[in-house]
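What follows is one chain in structure tokens, specifically the form predicted on its own.
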């Protein structure tokens, strides 16, 4: 995972975990069914944009609210490639790493990146290139050990590989 490309779905500041997946669906054990309700109360059209292999670009405090992992799981299951935000709620950021969803912090404002823009994320240089508007924006580097977890698909696959854990019957 060195370069990712995708179309931007732009979101504002303070998108919370209830916006991503309403709490009334959290009792389901069926992730496909749960994913059908992504952004249902916030903006139901976002679900289809995310499914296109998109990239969310958001403002400040993305993923605030409840500390549920379901929000990250639903985004990943829906096909989202990455979330770029000016800042993240701490628990959402760590849940993203643990579940294998790329979460990148944009240095500065997300204002120049607009809904529908095509972007390219370069994880070697930690930049996002807005190919639509011919602009480049710096991303806060992720420590190598967190990138290792992401490259394995999340914390559990990382530990299984690193520790030699097998899948038990």
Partner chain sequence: MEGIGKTISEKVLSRASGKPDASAGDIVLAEIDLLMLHEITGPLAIRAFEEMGFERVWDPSKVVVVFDHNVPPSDISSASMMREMRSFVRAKGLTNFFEIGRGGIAHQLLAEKGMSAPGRLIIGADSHTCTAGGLGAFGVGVGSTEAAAVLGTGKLWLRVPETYRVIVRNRLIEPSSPKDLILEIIGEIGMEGAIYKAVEYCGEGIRSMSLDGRLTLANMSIEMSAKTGIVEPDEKVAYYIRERTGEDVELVRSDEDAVFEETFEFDASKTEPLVAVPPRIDDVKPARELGGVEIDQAFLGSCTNGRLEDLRAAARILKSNRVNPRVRMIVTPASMEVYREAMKEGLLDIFARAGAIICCPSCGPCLGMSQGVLGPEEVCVSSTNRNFVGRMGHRSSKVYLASPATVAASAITGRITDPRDIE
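What you are looking at is a predicted structure, and each value in this text was computed from that prediction instead of being measured. Residue numbers count along the first chain shown, from 1.
Only in words, not in the display: the form predicted together with the partner chain, which the text now covers.
- When the partner chain is considered in the predicted bound form, residue 14 lines it closely, a heavy atom lying within 4.5 Å.
- In the predicted bound form, none of the heavy atoms of residue 142 sits within 4.5 Å of a heavy atom of the partner chain.
- The partner chain is not shown here, and in the predicted bound form it never comes within 4.5 Å of any heavy atom of residue 51.
- For residue 89, a non-hydrogen atom is located within 4.5 Å of the partner chain in the predicted bound form, even though that partner is not displayed.
- For the residues 64, 106, 113, 38, the 4.5 Å heavy atom test against the partner chain in the predicted bound form is passed only by 64.
- Remark: all three candidate residues (28, 31 and 69) come within 4.5 Å of the partner chain in the predicted bound form, counting heavy atoms only.
- If you take 97-132 and check each residue for a heavy atom within 4.5 Å of the partner chain in the predicted bound form, you get 98, 99, in sequence order.
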